[in-house]
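We begin with a single chain expressed as structure tokens, specifically the form predicted on its own.
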């Protein structure tokens, strides 16, 4: 998750529990990354252009990121403990592969969703002969 144009790029990242995320600084200014979120409380001291810092995420949940120098910078990491997760595209579609047929629970998370923890869930039944499923995520 880079810092470019004084923004986190991408703004939201989905990673598996236990992953290590690299934070390369591609800006001409220095950045300092922090999170006070319950799943990952950490601070990375100031570092400059073309330098990279990393952090591991051993606990699943939602992590909100900020920069101590640039208050307007916000980023999000969703740490998941399932191989069946993804980030929707600009049209609200997400493609999941290897999803077994049968009953499942779909959870949708968004940092601005007005629900406990920023997420809603629905029980669904997965059917069909393909192990590739495309879903459209619509929040209303």
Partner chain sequence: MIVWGKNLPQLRFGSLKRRIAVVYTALFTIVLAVVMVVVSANIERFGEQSASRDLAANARVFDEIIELRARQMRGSADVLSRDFGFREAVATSDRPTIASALRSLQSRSNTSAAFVVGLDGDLIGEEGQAYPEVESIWYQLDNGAEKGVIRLGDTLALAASSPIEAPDTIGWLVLAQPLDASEMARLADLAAVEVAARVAHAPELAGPLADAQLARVIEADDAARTLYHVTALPTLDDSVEPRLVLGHSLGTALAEYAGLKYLLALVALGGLLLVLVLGSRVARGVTGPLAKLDAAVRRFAAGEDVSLAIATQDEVGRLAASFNDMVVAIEERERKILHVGLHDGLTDLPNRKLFVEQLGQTLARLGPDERLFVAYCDLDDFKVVNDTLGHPAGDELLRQVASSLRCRSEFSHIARLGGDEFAVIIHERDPAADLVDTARLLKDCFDQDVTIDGQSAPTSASIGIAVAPGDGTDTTVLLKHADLALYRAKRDGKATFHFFEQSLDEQARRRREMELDLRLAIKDGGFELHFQPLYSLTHERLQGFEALIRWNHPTRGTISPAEFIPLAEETGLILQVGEWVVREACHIASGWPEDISVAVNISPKQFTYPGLSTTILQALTNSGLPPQRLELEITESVFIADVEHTLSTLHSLRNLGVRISLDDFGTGYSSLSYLRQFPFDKIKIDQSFVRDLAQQGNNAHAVIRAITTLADALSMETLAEGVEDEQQCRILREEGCGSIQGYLLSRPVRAHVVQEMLAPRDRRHALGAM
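Residue numbers count along the first chain shown, from 1. Only a predicted model underlies this, so the values are computations on that prediction, with no experimental measurement involved.
One more form of this protein should be noted, the form predicted in complex with the partner chain, which is absent from this view; the next part is about it.
**Message:** Although the partner isn't part of this model, could you tell me whether residue 94 comes within 4.5 Å of the partner chain in the predicted bound form, counting any heavy atom of the residue?
**Reply:** No, residue 94 stays farther than 4.5 Å from the partner chain in the predicted bound form.
**Message:** With the partner left out here, check for me: in the predicted bound form, does some heavy atom of residue 114 sit within 4.5 Å of the partner chain?
**Reply:** Contact with the partner chain, yes.
**Asked** Quick one: does residue 41 come within 4.5 Å of the partner chain in the predicted bound form, counting heavy atoms only?
**Response** Yes, contact at 4.5 Å.
**Request:** Could you confirm whether residue 50 comes within 4.5 Å of the partner chain in the predicted bound form, counting heavy atoms only?
**Result:** No, residue 50 is distant from the partner.
**Request:** Flag this candidate site as yes only if 4, 23 and 30 all have a heavy atom within 4.5 Å of the partner chain in the predicted bound form; otherwise mark no.
**Result:** Result no, not one residue of the spot touches the partner chain.
**the partner chain in the predicted bound form: contacting segment from 79-87, 50-58, 94-102, 31-39, heavy atom within 4.5 Å** = After filtering at 4.5 Å, what remains is 31-39.
**Request:** May I ask you to list the residues of 67-99 that have any heavy atom within 4.5 angstroms of the partner chain in the predicted bound form, in sequence order?
**Result:** Heavy-atom contacts within 4.5 Å come from 68, 71, 73, 74, 76.
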